[in-house]
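One chain follows as structure tokens, the form predicted on its own.
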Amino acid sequence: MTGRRIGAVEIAAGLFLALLLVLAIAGPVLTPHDPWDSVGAPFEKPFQGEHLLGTDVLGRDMLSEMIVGVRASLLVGALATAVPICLGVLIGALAGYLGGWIDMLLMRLTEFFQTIPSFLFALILVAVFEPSLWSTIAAISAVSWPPVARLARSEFMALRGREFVEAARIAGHSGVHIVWREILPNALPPIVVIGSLMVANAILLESAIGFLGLGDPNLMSWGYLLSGGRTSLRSAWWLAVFPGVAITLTVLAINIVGDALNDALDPRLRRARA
């Protein structure tokens, strides 16, 4: 068995994500216009004039809006994944390694959150608090951690009885050392994969929340652009199509890179290649 080589699709996905990171960092400098300013007539069509991607209902440049929107969408995706990953791994590690009543208590808590419709719960949380970037991140994080906790628990339960863990116990290492240095590195590959899916899912959730008008009105994101374009879909298709295509390509690229990272980080594949 040999590891799968990185192909053209993975390279293209990685380059696309690298481009998005550059736009997220340097976007405000690269935009041809201020995305909040009216710089043309409303509903100018794309590819036919000064504004490459056309203008929106207020005459704002769509290209500038798309570039600035990268930062908000990627920020939500990253933070709304990092928080539930850390929380889910912590809960799953405690439940899987310690077992007993701690496992039962933590898993019942996890199952309770899993019984709540995640998207509806996120909408309720955003609606209860003032719509903002941080309330959106908190809402997405609150509904995203249970699958990570269950996955981490299963990995820790499978690994806690392995020979290298027993050897670490015999050597007198502490439980924290065993969890952090012995078990966690071997449990990372599936967590990395689910993490990549969660980034994509967080971007989709933010877009859906923005599309329904519950996003931060002062934050230019792809979800905000979708919300602005939904009422003019027939007369100005580009207002929704361009951010929709950007979201689709970003989610696809993240999933492809996540699969490639899984192959690279899987200890079994590394041993097979060696």
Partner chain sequence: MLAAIVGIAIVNFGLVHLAPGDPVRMLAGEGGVADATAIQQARAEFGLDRPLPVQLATQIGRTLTGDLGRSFRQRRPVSDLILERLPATLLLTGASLVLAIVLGCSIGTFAALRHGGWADRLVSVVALLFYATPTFWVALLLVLVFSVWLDWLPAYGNASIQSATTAGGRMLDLLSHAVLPVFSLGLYHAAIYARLTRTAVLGVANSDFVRTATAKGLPGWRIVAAHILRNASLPVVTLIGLQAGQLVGGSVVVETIFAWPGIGRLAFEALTQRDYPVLLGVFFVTSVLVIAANVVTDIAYGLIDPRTRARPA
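Model, not experiment: these values are computed from the prediction. Positions refer to the first chain, counted from 1.
Although it is not shown, the form predicted together with its partner chain is what the next lines describe.
No member of the trio I25, T81 and E182 reaches its partner chain in the predicted bound form with any non-hydrogen atom inside 4.5 Å. Among the residues I11, L17, L261, L252, the one placing a heavy atom within 4.5 Å of its partner chain in the predicted bound form is L252.
Not displayed here, its partner chain is kept clear of L159 by more than 4.5 Å at the level of heavy atoms in the predicted bound form.
In the predicted bound form, at least one heavy atom of P117 sits within 4.5 Å of its partner chain. In the predicted bound form, its partner chain lies within 4.5 Å of some heavy atom of S207.
Among heavy atoms of P32, none comes within 4.5 Å of its partner chain in the predicted bound form. Shown without its partner, the chain has F211, L212, L214, L226, R230, L233, R234 in segment 210-234 as residues with a non-hydrogen atom within 4.5 angstroms of its partner chain in the predicted bound form.
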